[in-house]
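We give C-alpha cells for two forms of one protein chain below, kept apart as structure 1 and structure 2.
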Structure 1
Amino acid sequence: MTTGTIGRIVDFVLSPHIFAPLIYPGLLAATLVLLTLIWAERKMTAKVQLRYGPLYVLKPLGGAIQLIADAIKFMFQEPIMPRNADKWVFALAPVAMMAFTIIPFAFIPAAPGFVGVDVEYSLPLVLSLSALIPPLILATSWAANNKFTLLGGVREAFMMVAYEVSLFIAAFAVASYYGTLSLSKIVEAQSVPGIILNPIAAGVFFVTMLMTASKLPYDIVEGEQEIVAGPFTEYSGILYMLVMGASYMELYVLSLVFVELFLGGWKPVIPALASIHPAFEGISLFIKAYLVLLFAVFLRSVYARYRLDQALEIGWKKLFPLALLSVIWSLALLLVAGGA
C-alpha cells in the first residue's frame, strides 16, 4: 500500500462525516462512555448503599473492566427466542434501537465547524431520531408474545406521552431565544450559558432526559420487582446487551444535547484554553457531557423508583406547565433584550 493511499485513508477517516458518527462524539467515544459509566454507576451506588460494587475483575483498579467481562459473557450466550415470538421483529428491533442511538451523532457538533452533517435543523432532527426509540421498545414488547413484556410496553407508552412533549418544548424554548434550530449556532450564540438564562428549561430537559432513557427514579418500564425486565424480559445474549446498551447510548446523546443547549457546548470553562489548542474545545464538550452523565446515574443511589401514576403526575402536572413557562421566560428575555 503506497503512502498516498494511506494518506487518503487517513484523510477519509478524519473527515467530519466519518469521524463524527463513528469516532467522536460517535460510536467509539460512546462505547468508552458505556463501559466506564456503568462501572462508575455501580461503584457509586455501592458506596452510598454500603455494599460491594464491581471488584474482582482487575481488582487493583476496583473492577474497572467488569463491563468488558460482562460484554464477553453476553456475546457468547445463546440468544434464546421464544417459540411464539414474531421472530423478525424480535431480532431486528434491538438492532434498530441501537442504530437510532448512533445516527444522531452525525448531527451533533463536537467543535466549531466539526460536525458530520451540518444542517440548519439539527436540534429537532436529533430529538426526533431519539424519539424513535420508544416505539421500538413497544415493538419488542409486542414481538415477544408475553403478557409481562406487553405490560412493560404499555408502561413505556404511558411514559412516552408524558415526557416527549415537555422535552421538545424545553428544547425549543432555548432555540426560540437564540432564533435558530441549529445546535452549532446555539452554541456559538451562548455568551452566557443557557442554564443561567433559562434554568426552568434546563431543569425540565434534564428530568425528561432521565425519563427518556429510563433512568432512576424513572426506570418504571423495566420495574424489576414486578415484571422482571419489562419489554426486555425474553431477551438474552447479545440482543439483551443491545437493548440495555441503547438506553445508556440515548442518555449520552441527550447529555451532549443538554451541554450544547445549556452549558456552552464545546466552549471551555476557562476560555483561554481554546486559544492554546483547538483540541481543548472537543475535550471540553466530552468532559461536560460525562459529568452530566455521572450526575444522572448517581441519582440511582439516592432515589427510589416512582410508581407509574406518580411519574405520570410529575410529567403532566409539573413538567408540562414548567415547559410552557420556560417558553414564556424565553419570550420575556427576548422582549427585555429588544427593549434594551
Structure 2
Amino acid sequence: MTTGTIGRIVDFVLSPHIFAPLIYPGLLAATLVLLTLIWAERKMTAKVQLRYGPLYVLKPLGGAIQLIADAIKFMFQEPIMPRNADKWVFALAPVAMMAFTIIPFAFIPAAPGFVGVDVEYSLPLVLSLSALIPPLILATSWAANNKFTLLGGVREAFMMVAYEVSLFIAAFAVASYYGTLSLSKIVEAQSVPGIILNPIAAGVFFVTMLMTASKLPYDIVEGEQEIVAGPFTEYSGILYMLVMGASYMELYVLSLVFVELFLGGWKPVIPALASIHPAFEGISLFIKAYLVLLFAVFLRSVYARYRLDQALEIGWKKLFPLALLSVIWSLALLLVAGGA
C-alpha cells in the first residue's frame, strides 16, 4: 500500500466513488467513446460507401483525431443566441442534458463491486435518468422559438411515449427473471447471457435504444431532410457540441446497460482472463459496450429513415406487444427453470 499524501490521493481517485463517475465508465471514458465513436462511424460509413472518410487531419492514423479538430472548432466558434429565444432555457438545457447523461455513470457497475454509488435499484434509476432527456429536448425546442425546432419537439414527444414504455418493460422482463433490480446482481446472476435466455427482450431493448438516441432508422427527431436539425437547429458552437454529444452519451449509457442485461456484463468471453487481473473485467465490459455501439451506428449505412407514423406504429403495435411477450417469456422461464 502506498502511503503519504500522494498515496492517499491515488487511493482517493481510485476509489469507486470518484473513479467510476469521473474516469471509467464515466466522463473520461465517455469522452473517449464520443471522440472515437463518431470517427469510427464516419470511417465505417465511408468504407461501405467506397470512400476514405476523414483522412488528412492525421494521415498515419486514418484521421483518427478528426473529432478533436471538430470539437476545437466548435469551441472557438461564435455561440449564437437567437434574438427571440428564451435565453436561459436555451443555454442551460444542453448543459442539463449532458449532466443527465453523465449522472447514470455513478450507478452503473463497471466491475464486480466497483460502482460509484451502490444502490439496490440501479436499473430503474439509470433508465429513469436517461428518460429525463426527452423533456429537456422539448425544452430546447421550445426555447429556440423556431418552426423547425418546434416540429422536432413535437416529434420527440410522440416518439418518447412510443419507445420509453417498451424500453422499461423489456428491461424489467430481464429483472423479473433474476428477481433483482440491481445491475450488479443481474450480472452476477447471469451464467448464460441474457440474449440467449430472452432474445425478445434483447431485441426490443436494442431497437428502443436506437429510438432513444435517435439513430437510423429512427433518427426522426433530427430528421434533417424535413426539419433541418430538429430541436437543435438553432444551436451553434459549444452548445451544439453538447447536444450532439448528449445523444451519443445516451447511447453509450444504454449500451452499457444492454451489455449488463443481455451480454453477461463484465464477464470476459474467456473466463480465464478474469483471474489474471481484475481490470480485465472492466475492459471486457467496455469492449462489449463499444461493439454494441459500433453496431448501432453501423446501421446508418444500411437503412434509411422511417416515417414518423411508421415509427410510432412500430413502437406501439410491434415493440410494445413484444415487450409484454418478453415478460411472459421470462415468467415462463422462471416456471420451467425454477428460478435463476
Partner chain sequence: MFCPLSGLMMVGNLEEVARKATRWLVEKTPVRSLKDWAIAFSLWPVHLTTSCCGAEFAAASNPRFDAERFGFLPFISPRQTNLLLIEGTLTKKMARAAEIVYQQMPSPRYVVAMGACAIDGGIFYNSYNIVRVHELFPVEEFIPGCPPRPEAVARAIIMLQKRIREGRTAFKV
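Remember, predicted model here, so these are calculated numbers, not experimental data. If you superpose the two forms and keep the largest set of C-alpha atoms that fall within 1.5 Å, you have the rigid core. Residue numbering: sequential along structure 1, first residue numbered 1.
Undergrad: So which is the form predicted together with its partner chain here, 1 or 2?
TA: Structure 2, which is the form predicted together with its partner chain, differs in this respect from structure 1.
Undergrad: Take the rigid core as the frame of reference and indicate whether the C-alpha of Y303 shifts by 2 Å or more between structures 1 and 2.
TA: False for Y303: its C-alpha shift is below 2 Å.
Undergrad: Please state the CA displacement of L50 between structures 1 and 2 in angstrom, with both forms fitted on the core.
TA: Value for L50 between structures 1 and 2: 2.4 Å of C-alpha shift.
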